[in-house]
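In structure tokens, the next block holds one chain alone, the form predicted alone.
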């Protein structure tokens, strides 16, 4: 069952398309990671989905119906920049949420605040660090028991322990049927939590799919060459190699089959410290946003 459908979504600012016709179908109960460099359009996409800014074109469906104000009762949003009220205390924010949303659980909020180390509810938001503001926003969102969570950089400013706590919350919520869409600049976090991902660049989706499927079928053969100017003798034309990266003496070959044979070839060329490793989400991301960073020097030397 599809929880969120985004079809032909576009947002123009003058002649610039911040979001340029994206299409996504996000299944119910999954953790969906939205990746992209700064300015790729991730935050604008979140705001268009919620109607916080008016899209130039396209439509958004929540559980098969147009996203309406009533759907906000079943949706929680943590924006990249804090929208907490500086002059209000943490306790007043809890009261405000209780009066605003029928599904809000004050005791759950207090449990999460304690878990994040926010113990003094009388503190005003202006007195909190950036990390503690993030922690308060996350706790308030996860205390609402909603069907859809939209989280834009939900670990920003948090220490590693609390970052891990947020990821555990995301995974646990999805296990209970909640759909979670989150963005993060820390690819390792997305790799740990997300079932599916989409990569945005310049307002467009350049890659989308199930994380395990995107990793399948490719390996990386990595080795150290004898010198910086050592010839790699035809490796660039090997049909099994879809991408070569060379950084000084370090050579990485992205291969679709027979990685051990490719490693043997590299060994015959004099490469040392050879190893065959699985493709990481970081490799997938970099390949999607910078597909031309294969080293020209390798091609010229082949």
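Here the structure is a predicted model, which means the values were calculated and not measured. Positions refer to the first chain, counted from 1.
Separately, the form predicted in complex with adenosine-5'-triphosphate (ATP) exists; it is not shown, and the next lines address it.
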**Message:** Can you work out whether residue 18 and adenosine-5'-triphosphate (ATP) are in contact in the model of the complex, taking contact to mean some heavy atom pair no more than 4.5 Å apart?
**Reply:** yes
**Message:** Even though the partner isn't displayed, in the model of the complex is residue 234 close enough to adenosine-5'-triphosphate (ATP), meaning a heavy atom within 4.5 Å?
**Reply:** no
**Message:** So in the model of the complex, is adenosine-5'-triphosphate (ATP) close enough to residue 66 to count as touching (4.5 Å, heavy atoms)?
**Reply:** no
**Message:** in the model of the complex, does residue 185 come within 4.5 Å of adenosine-5'-triphosphate (ATP), counting heavy atoms only?
**Reply:** yes
**Item:** Option from 248-256, 235-243, 261-269, 36-44 whose residues, in the model of the complex, bring a heavy atom within 4.5 Å of adenosine-5'-triphosphate (ATP)
**Value:** 36-44
**Item:** Listed residue that, although adenosine-5'-triphosphate (ATP) is not shown, lies within 4.5 Å of it in the model of the complex (heavy atoms), from 92, 153, 147, 191
**Value:** 153
**Request:** Scan 111, 208, 80, 105 and let me know which has any heavy atom within 4.5 Å of adenosine-5'-triphosphate (ATP) in the model of the complex.
**Result:** 80
